[in-house]
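Only one chain comes next, encoded as structure tokens, the form predicted alone.
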């Protein structure tokens, strides 16, 4: 992996942003306990929340820093799911940050039978299409299984987000703010999807999706 894009932000500022967004996600119940992890691309590597760290109680000075090869450079030991982030960065040169949560509604969808593995949540709203696009479902792997990184790598080039079966979403964005907003939109759409079960629905059709892609210059 190499520095394919410049963040344009100094490292100290990005550390504070991780802490601020982590606390916001935790306070609003989008992550619980020590679950979930956040990373941000730097010009000389990337920052990642530490293993067993609560996103609501992060210390900017203790965030793990890794180089482009994934070697731990400084800070506390990185999340054991570092390989998820690395796989996404390697395939998405424009990814400036990645958020992985076990958010309730998205995780609930990931446990359902009969999902379309190529498009696990239908395009119920234009906002979901604009921020997520298609959401492929990755088959179950145990936590920490390196094969999960390979599974993500196979899909990340064409998808900004994936849903891990019986686990939760991994979402990338051009910035940490963009990644968090996309994660929030995914969680709200997952909630709608669950609320509408057994109810006839009218997802956006192909023509409507193409219009969104054209008007908003979407690469999805």
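Since we're looking at a predicted model, the values are computed, not measured. Residue numbers count along the first chain shown, from 1.
Although not depicted, the form predicted together with a small molecule is the subject of the following passage.
**Student:** Looking at 155 to 163, 51 to 59, 185 to 193, 66 to 74, which one sits within 4.5 Å of the small molecule in the predicted complex if you count heavy atoms only?
**Tutor:** Residues of 51 to 59 come within 4.5 Å of the partner.
**Student:** Should residue 131 be classed as touching the small molecule in the predicted complex when contacts are defined as heavy atoms within 4.5 Å?
**Tutor:** No, residue 131 stays farther than 4.5 Å from the small molecule in the predicted complex.
**Student:** So in the predicted complex, does residue 172 come within 4.5 Å of the small molecule, heavy atom to heavy atom?
**Tutor:** Because no heavy atom of residue 172 falls inside 4.5 Å of the small molecule in the predicted complex, the answer is no.
**Student:** Counting only non-hydrogen atoms and a 4.5 angstroms cut-off, does residue 92 reach the small molecule in the predicted complex?
**Tutor:** No.
**Student:** Residue-level contact is defined here as any heavy atom of the residue lying within 4.5 Å of the small molecule in the predicted complex; does residue 86 satisfy this criterion?
**Tutor:** The answer is no: residue 86 has no heavy atom within 4.5 Å of the small molecule.
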